[in-house]
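One chain is shown next in structure tokens, namely the form predicted alone.
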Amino acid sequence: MYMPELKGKIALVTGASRGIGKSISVALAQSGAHVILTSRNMDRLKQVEGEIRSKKGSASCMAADMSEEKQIETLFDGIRKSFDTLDILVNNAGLGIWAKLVDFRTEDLDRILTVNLRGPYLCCKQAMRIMVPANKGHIINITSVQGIRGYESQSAYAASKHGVMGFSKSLAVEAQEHNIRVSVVLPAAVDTEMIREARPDLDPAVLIRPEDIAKSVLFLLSLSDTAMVDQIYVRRMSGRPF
């Protein structure tokens, strides 16, 4: 595994209580960062914190619902108060609801766009307010293969992930002059609760491991000051190339 030197760095991971977010959080802590874990479920966050601490890593928990702007603002106010800086933001929290477009409920569309698009947008806004004055930072948005492709019964999810791709591209241009990097990671089918619900036809044995996405994040953070990778697409080995 790529192990960048992150000692002294402060990282925030959303959706950190399970799956991809948990694996990223553990990997960042093992690389030396203090990881701020956030999701709606404090009990699960505490379990992840305990696992990190058992491996001699450093972490703390701040519960927040990515669908609530006030909670996002409170989260970042707490980061400013406790740490006065933020070096890494990993936007990972996400929601999946599946149905054909003609059957899709408007309230479910609103829920997906609020969590998957509005949530990371607001987190990036708050992070930039910390990173711009410091003239440093790295924002990594975990999107999906759905950010560049579309699948049946996943139109709302694809819309949200295409949206994250769009604002990430614009943000990367705005951030560059402030020495802030913006990258995206686009996983295909990862072995999580969400994919097992969305794609029950897939054999779990062929699914990408959450640890593989964590390795992608560590790779991005291991690059030298003169190198930059804008996006990483990770597919199943058994999936179609390119």
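Bear in mind the structure is a predicted one, so any value in this text is a computation, not a measurement. Throughout, we count residues from 1 along the sequence that is shown.
The same protein has a further form, the form predicted in complex with a small molecule, not shown here; the description that follows concerns it.
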| remark: Among Ser60, Asn41, Gln47, Gln30, just one has a heavy atom within 4.5 Å of the small molecule in the model of the complex, namely Asn41
| note | None of Val184, Ala64, Ala175, Ala214 but one has a heavy atom within 4.5 Å of the small molecule in the model of the complex; the exception is Ala64
| message | Even though the partner isn't displayed, in the model of the complex is Gln126 close enough to the small molecule, meaning a heavy atom within 4.5 Å? | response | no
| query | So in the model of the complex, does Ile142 come within 4.5 Å of the small molecule, heavy atom to heavy atom? | reply | yes
| Contact test in the model of the complex: Leu12 vs the small molecule, heavy atoms, 4.5 Å | no
| field | Partner contact for Ile130 in the model of the complex: the small molecule, 4.5 angstroms, heavy atom | value | no
| said: Which is the contacting stretch out of 165 to 173, 76 to 84, 130 to 138, 89 to 97, given heavy atoms within 4.5 Å of the small molecule in the model of the complex? | reply: 89 to 97
